[in-house]
Every structure is written in structure tokens, then in C-alpha cells.
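Take a look at this single chain in C-alpha cells; it is the form predicted alone.
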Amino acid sequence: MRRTLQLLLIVVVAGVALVACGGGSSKEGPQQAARTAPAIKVGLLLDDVHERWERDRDGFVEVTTGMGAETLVEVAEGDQERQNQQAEKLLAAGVNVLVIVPHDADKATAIVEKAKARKVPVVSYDRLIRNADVDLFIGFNATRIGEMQAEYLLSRAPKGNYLLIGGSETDDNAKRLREGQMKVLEPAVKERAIRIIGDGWAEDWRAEAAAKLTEDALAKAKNNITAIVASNDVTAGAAIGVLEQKGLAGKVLVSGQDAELDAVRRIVAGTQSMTVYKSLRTLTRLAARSAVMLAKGEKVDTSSVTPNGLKDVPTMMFDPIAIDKDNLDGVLIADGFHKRDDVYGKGGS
């Protein structure tokens, strides 16, 4: 009996040694093959990074990582030439799909062409790339956001002087926002109920540009401004900073977009009237999943198309929510977008 056990132990030990040394077979086991299989690489090109885009990036990477893909992220910092170079870098790194937040909606066409030459599908994220063979556009209804901003202000200030602060003129979203804003405001302008005393673009969505537009409008109107249609929270914050210097903060209605923490705090303080909340959780998850599917050569189901000048781009479009003091808690805090203590301070309400 003892001899039998000794022989059995010798066989088992020998078998383990063969496995450990790779003896007996040149084939990899299932787990080892899975580890050495090439991962899908997703390229994510961002134009800039502040609070909103940090949320997009983090949510996107979390989902792609969970799907077993590697995400390579580059940030252009508002420079189109830099974004072009970053795109070439990602394509050279062998990304299987390219997701782009374009700095310039027209010039980003060159990036799409280079991706297509390598047979890499392209997702236009949040901002539509014009005149390019984009595979998918996923974003929010920018025209509707502009309408919501103007509707909110006009319903509370049906008469008076208005200032319009647009975003970057090279951003297709900025122009769609303006279309939505003017669709609402035009009848009141024609009736001479309101007067637009300033109408400009904040280059690259920069706060300094928005502040200058506000200063010029206040000088022109001798501080008599009723409402400022600021296209996002960065431009809104810059405009409110100028209003504070003039003792007008809280007296002039100001719109915004993105529900950034500083903007939400301004809404609580009464210096910003509203913002527009876009559920980034929904946007980033669907964009990330769709990107991985395209990388695998799988079909992505869409519900609509958006013309970009070259083609009708398959589109996933979402509607946003207007936020003010009345629904801030019920939407932003309830959705987990912001924490109550961050908005109101500890013990605040």
C-alpha cells in the first residue's frame, strides 16, 4: 500500500512539473491565451479638460475598461494642430476605433480621413464633425438646449436688453445653441419687447472672452442689461464675475449649461438663474459601449440620423433637463451628479 502511494505521488509531482515547465504540449491554456490575446484599443481625443470633460473621460474609461478594452486618452487643450498630431499618435498606436470631441468641427475632417485610410471607425462625441465620413454621432440636442436657455430667461424677463454669449465659433454645437436661442427670442425681438445689445462668440469657450463680451455690452447699455444668454457654465461664470464688479450680480438673469458645481452653487446663491443638465452617465456609457462594438466590427443600432454636409450620420441623441433652484435637489443631487454637502456646504440645505 505504501509503495503504491509513493508511485502515485511521483506521477503527480512529475505531472505538475511538466505543466509548470510547459512540457507535454506547446499550446497555451485558456486563461493564458486570454491574457495574451490582443486587447481592443479605443482612442479618445478630447478638446479640453475641465469639470464637465473630466466626468466624460472618467465615465468613458470606466466602461471600456469593464468591457476589456484599453483606452488611450489625449487632450488637445484647445489646439487643432495638436489634436491632429494626437490623432496620428493614436492611429500609429493601433487603436481600433477613434472617439473625437473635435476642437474645430470643420478641420477635424482631416482626422477622420486619416482614420478611414486605416479602416478605423470614428465616433463624433458631443460635437458633430462636419463634411466627414463619421460612423456615429452621439450627443445631446444642442438646438433644444439653446431653446431651453432662452425660454427660461424670456419667461421671466419678457422685456429688456439681452446679451448673447455664444461658445466657440468653430464648434458646431455653439452654432446649434445659437439657432435654438434665436428661434425663441426672434419673435420678441421683432415685437421690440426685447433688444439684443450684444451678440458674440467666446473663442474656445474661454472665460476671458465671455468677460470681455459682458464688459462691452454693459458699457454700451450703461449697465442696463436684463438677461444674459450664456451658452455654458464657464461663460456664465465669467459674465457673473463682471456683474459682481458692477454690483449687478443677482439682478441680471443668466443662463448656463453643464450643471458644473460652481454653477450650481451660483444658482443656490442667486447669481445664476439656471443651467442645463445633461446626464453624462447615459452619454458616456452608450458612447463607450458603441465604440467597443464598432471596434469589434459589430453593428450599433441608432434611432435617427444627423446631416453633417457629407452624409446622414447615424445618431444617438438625448434631451437635457433645465435646472434651477426648484428642481436642483430633485434632479442633480437625487441623480448623484453632485453631493448635497458639495453644493450647500456641510449641514446646508
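Residue numbers run from 1 along the displayed sequence. The structure displayed is predicted, hence computed values, not measured ones.
FYI, the form predicted in complex with a small molecule isn't displayed, but the following is about it.
A.B. asks: Would you mind picking the one in K311, R289, K296, H50 that has a heavy atom within 4.5 Å of the small molecule in the model of the complex?
C.D. replies: Contact residue from the list: H50.
A.B. asks: Could you tell me which one of F137, Y162, Y277, W205 places a heavy atom within 4.5 Å of the small molecule in the model of the complex?
C.D. replies: Only one listed residue qualifies here, and that residue is W205.
A.B. asks: Considering only heavy atoms, tell me if S255 and the small molecule come within 4.5 Å of each other in the model of the complex.
C.D. replies: Answer no; every heavy atom of S255 is more than 4.5 Å from the small molecule in the model of the complex.
A.B. asks: Does D104 make contact with the small molecule in the model of the complex, using a 4.5 Å heavy atom cut-off?
C.D. replies: Looking in the model of the complex, residue contacts with the small molecule do not include D104, since no heavy atom lies within 4.5 Å.
A.B. asks: Counting only non-hydrogen atoms and a 4.5 angstroms cut-off, does N96 reach the small molecule in the model of the complex?
C.D. replies: Result no; N96 lies far from the small molecule in the model of the complex.
A.B. asks: Whether N232 contacts the small molecule in the model of the complex should be assessed with a 4.5 Å heavy atom distance threshold; does it?
C.D. replies: The answer is yes: N232 has a heavy atom within 4.5 Å of the small molecule.
A.B. asks: Looking at 120-128, 190-198, 240-248, 219-227, which lies within 4.5 angstroms of the small molecule in the model of the complex, counting heavy atoms?
C.D. replies: Looking at the partner contacts, the answer comes out as 120-128.
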